[in-house]
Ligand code: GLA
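Only one chain is given next, in structure tokens, and it is the form predicted alone.
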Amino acid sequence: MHNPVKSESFKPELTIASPGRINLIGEHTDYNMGFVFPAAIDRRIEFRIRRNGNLDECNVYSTDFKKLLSFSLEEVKPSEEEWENYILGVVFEIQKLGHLLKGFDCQLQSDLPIGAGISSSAAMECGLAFALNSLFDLGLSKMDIILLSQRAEHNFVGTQCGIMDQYASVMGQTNQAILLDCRNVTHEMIPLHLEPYTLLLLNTNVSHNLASSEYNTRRSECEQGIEILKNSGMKINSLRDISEDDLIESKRNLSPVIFKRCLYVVRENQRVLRAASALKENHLEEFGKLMYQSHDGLKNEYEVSCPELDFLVDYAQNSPHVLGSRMMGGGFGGCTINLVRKDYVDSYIEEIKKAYNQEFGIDLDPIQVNPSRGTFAMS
């Protein structure tokens, strides 16, 4: 029997838009209780949702994957299909909070590339949580939605992500970036005046096959570093609490690898704060330099880059029209984020696509983005 949720004539009760995010600078600092600097973008997942009159039957259809997920609210458990776990995890976490859900039908449509490092996963989690909150009048706050979406990713997907992606997806504002303190979970909105430059993402189209396992490894390496430093007498709870000088002084207590990981995090935290100041004061050149330094740290100290990302950043450094470039996201693929002169974007795309294809035999996907508003009801 044809499921009505797959129909083009499907009529929702409401439509929710949930954006992906960019991160201007501050990679892998969020789970280290540091600072990050993300912004929601004008690329998003749309959730067309309605109650279906059943007590426990739910149907979610992805128009992009052409796949239907049907499940019962009485038996919500992890699936073999990764995209399904973002849905199931959110439903599970809402139920765990004691909220009563009933059967619903939902159609998903996305213009967010998967695996590009612009957090289609957080958009999926936050968008569904926002939609269910509105549909069933659950009374969840924005912070509740952020935290339950993060737990869904930990418990159902298995990625021990920090809070940045979900926070940016929900809290974003047009033409502003979020300076987020991940220890206190407080933020400051920083207006972005990038003229005559604009942000351009370049998607390597290289898969994230190492990203999830190595992400969890990096997290564990940082935790080991903190334990060793604590045991050597330092009064710290996270890498946020240590200066670069103190870390260098304690170098002998750490293995070379653990030292490099910690050094990257300590330096990146400082770069985020300097980047926010630079943008407040319209010092775009300074911001661009910090982007390049961030990439260098991700490549050499945190070791989460790859030849394709490095090629794109090296290429940008040789262009007078690009102020800054760095890999963005967990690493091992995905996008670079670039600050490019607006009037040069088209010719730069053409030029770098050709060079990248010659080097790797892979097509490069440009994604032009603008900082935009967080998750919202369209109707």
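All residue numbers are counted from 1 along the displayed sequence. Quick caveat: nothing in here was measured; it's all calculated off a predicted structure.
The same protein also has a form predicted together with the named molecule, omitted here; what follows describes it.
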Inset, instruction - Sort through D310, D30, D42, E57 and report the residue having a heavy atom within 4.5 Å of the named molecule in the predicted complex. - result: D30
Inset, instruction - Identify, from the list I178, M164, L239, A276, the residue with a heavy atom within 4.5 Å of the named molecule in the predicted complex. - result: M164
Legend entry - Heavy atom of Y292 within 4.5 Å of the named molecule in the predicted complex: no
Inset, instruction - Give a yes/no on whether F92 approaches the named molecule to within 4.5 Å in the predicted complex, heavy atoms considered. - result: no
Inset, instruction - Determine whether any heavy atom of W83 comes within 4.5 Å of a heavy atom of the named molecule in the predicted complex, and answer yes or no. - result: no
Inset, instruction - Mark G329 yes when one of its heavy atoms lies within 4.5 Å of a heavy atom of the named molecule in the predicted complex, and no otherwise. - result: yes
Legend entry - Residue stretch of 22-30, 340-348, 312-320, 49-57 approaching the named molecule in the predicted complex, non-hydrogen atom distance within 4.5 Å: 22-30
